[in-house]
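In the form predicted on its own, a lone chain appears below as structure tokens.
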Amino acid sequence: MKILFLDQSGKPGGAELCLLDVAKPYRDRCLVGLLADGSFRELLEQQDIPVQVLTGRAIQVQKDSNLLKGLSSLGQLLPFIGEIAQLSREYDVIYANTQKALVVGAIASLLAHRPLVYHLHDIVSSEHFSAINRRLIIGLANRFSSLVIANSHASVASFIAAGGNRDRVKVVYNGFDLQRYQHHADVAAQMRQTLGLGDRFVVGHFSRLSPWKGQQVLIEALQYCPVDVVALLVGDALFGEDAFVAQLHQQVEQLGLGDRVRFLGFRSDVPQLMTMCDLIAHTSTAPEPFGRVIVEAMLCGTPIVAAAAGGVIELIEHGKTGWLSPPGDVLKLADIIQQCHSQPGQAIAIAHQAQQSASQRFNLDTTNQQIAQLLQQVVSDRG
């Protein structure tokens, strides 16, 4: 089976990291087509996954775009959709990994007479998408896709609530290479020394810097925690959210937390940094479709507290494999941080239970087997 993967982003977000893992087994019989160039292309090349940037022009449409912008973006897409359709004829399946890729993939599927699979990585709701974009996603998925793979039951529920065909969607949780998250204790100890953290209680936050990812919630909670609690913010702005980054720095200064908050930017050594932390905080203020960071923390054996909304509640059993806190509830988050700070033995025991659970539930081999079976069924049905 030959697969043409399509993705809109040149930057490695959660959907792209998932695609990286899904594409690996098909290295010798796939192509990843990108609608923008960037560091994601480099990651694919490092993994020997064939990749091609399909357009050199950025597609100017966002999740909150109105009808005018949507029509304008379609005009940008039309000149090279024919080329993608021609390319699609060399493959058995078109696999659209993002919303803009769905637009391109749907039309290419029609022109090339190839089945379309759409991987849904989002909550299709007004909190994440404009009305026109919700209608576009649902309309294209219902009309053109043979299969919709969703990363959580929460994503499925939002898809159906928005009008999606419930018979076409299947849940496959994101998978993880377990070895990537093991045996980092020695390196983590060295990191703590290099960063000058000593024996301070370290709360890590791993995400792009964006208002809905809630870094501001953690910073505010920090003022209600013991003075030896520090926060590491790992990540940076991805989609023009530099003004928000400036707001975070201003918030730190206004609260007098300059010596307790570190901005580390993008890092490639995330498992090592996670292992180094005493606790990892996930603080999204809108429902998260899945929450890769949560599973990564669990696999690293580090305690995790997460915002209880969307797919997150499918990942954590409160008090047994981690803690759930209402989104945006600063005082509750601070209370859980203090609990982990004062009862480290309990936190470590819960983290150990979470590590065992996550290793069984989110094994990449199992995920790829599930996807392979679904793709084979799509091809068989089409044949």
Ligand code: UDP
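The first residue of the shown sequence is 1; numbering continues from there. Worth saying up front: this structure is predicted, and the values here are computed from it rather than measured.
Just so you know, the form predicted together with the ligand exists too; it's not on screen, but the next bit is about it.
Although the partner is absent here, residue 252 is not a contact residue: none of its heavy atoms lies within 4.5 angstroms of the ligand in the predicted bound form.
Using a 4.5 angstroms limit between non-hydrogen atoms, residue 301 is distant from the ligand in the predicted bound form. For residue 17, a non-hydrogen atom is located within 4.5 Å of the ligand in the predicted bound form, even though that partner is not displayed. Proximity of residue 168 to the ligand in the predicted bound form: non-hydrogen atoms within 4.5 Å are absent; the residue sits far from the partner.
Exactly one listed residue, out of 123, 306, 293, 84, brings a non-hydrogen atom to within 4.5 Å of the ligand in the predicted bound form: 293. The contact residue chosen from 262, 184, 100, 208 relative to the ligand in the predicted bound form is 208, the criterion being a non-hydrogen atom within 4.5 angstroms.
Looking at 87-95, 233-241, 130-138, 155-163, the stretch with residues near the ligand in the predicted bound form, meaning non-hydrogen atoms within 4.5 angstroms, turns out to be 233-241. Against the ligand in the predicted bound form, the set 195, 226 and 278 makes no contact: no member has a heavy atom within 4.5 Å. Contacts with the ligand in the predicted bound form, taken as any heavy atom within 4.5 Å, map within 246-279 to 265, 266, 267, 270.
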